[in-house]
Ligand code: PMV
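Shown here is one chain on its own, the form predicted on its own, set out as structure tokens.
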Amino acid sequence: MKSRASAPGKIILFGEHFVVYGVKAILCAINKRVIVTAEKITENKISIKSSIGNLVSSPKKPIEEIDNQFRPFYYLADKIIQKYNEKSGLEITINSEIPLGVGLGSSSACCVASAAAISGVFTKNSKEEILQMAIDAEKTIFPNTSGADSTVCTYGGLMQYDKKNGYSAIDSENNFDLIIANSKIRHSTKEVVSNVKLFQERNEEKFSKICNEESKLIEDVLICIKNNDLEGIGRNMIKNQEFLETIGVSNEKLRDMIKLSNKFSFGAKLTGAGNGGCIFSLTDETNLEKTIRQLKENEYECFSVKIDFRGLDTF
């Protein structure tokens, strides 16, 4: 029995870092995907094959003994084997179009697609059930995950999230283009988040003011999205980047990429933790090629994406 599933990556459009302090964040799924294939095998083992390496292990091992990068997939496979009291094993193959470790949701997309493919070998689950499995799996490497990334990877489209009210879809069929440029600077999300916390503790009044400004900005963004006002969204991206600069999560390379992008796009900003990873620019058919050419002429790796409205797909 073989089961396959795919899930999209994601971008945090607005609200990264500030969401930890109660501000709303806006995310979207992107049309770069992970495809996971799961197949029952006769041997009582869990085999995982991927571009980052392979793992072969027996079931029922403590999760702490599993290499960190394979933990979510081993966890899912082991749990389903135990649930159905299987004496056989599973072979899992992961193929990804999403660059790793740059804030584009590769781990969350892998968790969602793996949860669907692995459980699909034995039964058919709802998206809600698959999402919960994916979040539980993601917690084996990110214990404090909010679940926001896995949620948008499961359902696709645009989504707003805050700690008090959770997730809700943003009703939109906007068909704009996003250009993602990769700084190729690796960063530690944990370290960047800790530094933001330190900034907040040392500058409480200033940080509180920025959070209030970010909240107002995001409410304006929601109106702009509803009206398909790309210039308005772009202006808010530039302003949001200023807030991120203030709290210290940018660097010279990101600034240079953003400056180049802003020559032709509606706006650009970093996405995710910052201090490395990616930026994205907002474009449409009038300025897409010009913005890509500007980045490539300066030897930056970039590619365009659209919002993915499919979300999780099983086949």
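Model, not experiment: these values are computed from the prediction. Position 1 is the first residue in the sequence shown; the rest follow in order.
This protein has a second form, the form predicted together with the ligand, left out of what is shown; the following refers to that one.
Heavy atoms of no residue among G9, G156 and R310 are located within 4.5 Å of the ligand in the model of the complex.
T189 is the sole member of Q241, N174, T189, Q132 with a non-hydrogen atom within 4.5 Å of the ligand in the model of the complex. Proximity to the ligand in the model of the complex, defined as a heavy atom within 4.5 Å, holds among I141, V193, L217, C211 only for V193. Between 286-294, 51-59, 31-39, 266-274, the stretch whose residues reach within 4.5 angstroms of the ligand in the model of the complex through a non-hydrogen atom is 266-274. The closest non-hydrogen atom of P72 lies beyond 4.5 Å of the ligand in the model of the complex. With a 4.5 Å cutoff on heavy atoms, H17 counts as touching the ligand in the model of the complex. Of all the residues from 87-115, the single one having a non-hydrogen atom no more than 4.5 Å from the ligand in the model of the complex is G103.
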